[in-house]
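Shown next as structure tokens: one chain only, the form predicted on its own.
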């Protein structure tokens, strides 16, 4: 049974000051619940605020306003102030493994750190646990003695995944974990993540800009645009009945290889305007500069995220 209050994000905002009382509104009132055991896909163009939300959830950024709860407990503003047990339960896999893994550390040291920090195993059982971690991501044990600059990008990301699951977390944020990798290895990373989710009963927030990927891995999908969630629905409902013009624009741009696939896409919506500055957002709907259906009310009043059908939310008047 799913825990409806596993992760609860309430009106979370993150503003970055840029001087003279000006702010980049990276997150501007995010409300989202993530159920235990599910995969929520977070999709949007670059600059929509996806990674900012990830880093705020992890405590790397302090929110300007709002509340984040984990298993009904307010987990505080900064990771430094969080209980060590909370840090253990929430882990992240970054987009670029070359930047997230220390090139001067042998892989055994990289994987040992969370095990020792959270006292997962006694020191005399450490090597066996390290071998078990490598086996879980289908890497041979001789990788324990390698440095990350000597292995490929896909293998580095597998090491990053092994490090993330080392402390037995319940919740993983996957921040575009395949976007910096060759297409030839992306499938292996995805298959490994899905296997681990089932075996370890993990919950994922999967951040990506790849809409077609979400069809296969996500239970629900949230669309972000300029710091707001514009649409939220189950994956099936999302692809079969998209409601927001921005969602339809993203879906219509998915590459297809056959006429049958083309028929499944919504009618193409062409974006003719410019993306507003996150420093000077429109007074009304922030998609108004690109929306072909905008009406007068859209210019002056921002629409609320409203449940149009059971479990299907959209931030649009029409």
Partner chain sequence: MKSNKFTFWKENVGRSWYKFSRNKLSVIGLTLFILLILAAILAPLITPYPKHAGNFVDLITGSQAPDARHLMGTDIYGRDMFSRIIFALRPALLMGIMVLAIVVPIGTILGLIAGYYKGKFGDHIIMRLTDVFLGLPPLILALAVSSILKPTLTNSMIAVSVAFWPWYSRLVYNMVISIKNEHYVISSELLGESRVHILFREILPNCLSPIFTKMTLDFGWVIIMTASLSFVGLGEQPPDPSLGTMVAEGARLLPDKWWVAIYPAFTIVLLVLSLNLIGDGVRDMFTATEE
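No experiment lies behind these values; they were computed from the predicted model shown. Residue numbers count along the first chain shown, from 1.
The form predicted together with the partner chain exists for this protein as well; it is not shown, and the discussion that follows is about that form.
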Candidate stretches 109-117, 236-244, 182-190, 195-203, one within 4.5 Å of the partner chain in the predicted complex by heavy atom:
109-117
So which of 71, 168, 215, 127 reaches within 4.5 angstroms of the partner chain in the predicted complex, heavy atom to heavy atom?
127
Heavy atom within 4.5 Å of the partner chain in the predicted complex - residue from 291, 43, 26, 58:
58
Quick check on residue 136: any heavy atom within 4.5 Å of the partner chain in the predicted complex?
no
Looking at the partner-bound form in the predicted complex, is residue 101 within 4.5 Å of the partner chain by any heavy atom?
yes
Would you classify residue 91 as touching the partner chain in the predicted complex, given a 4.5 Å non-hydrogen atom cut-off?
yes
How about residue 122: is it within 4.5 Å of the partner chain in the predicted complex, going by heavy atoms?
no
With the distance limit set at 4.5 angstroms and only heavy atoms considered, check whether 8, 18 and 64 all reach the partner chain in the predicted complex.
no
Quick one: name the residues from 121-149 with any non-hydrogen atom within 4.5 angstroms of the partner chain in the predicted complex.
127, 141, 142, 145, 147, 149
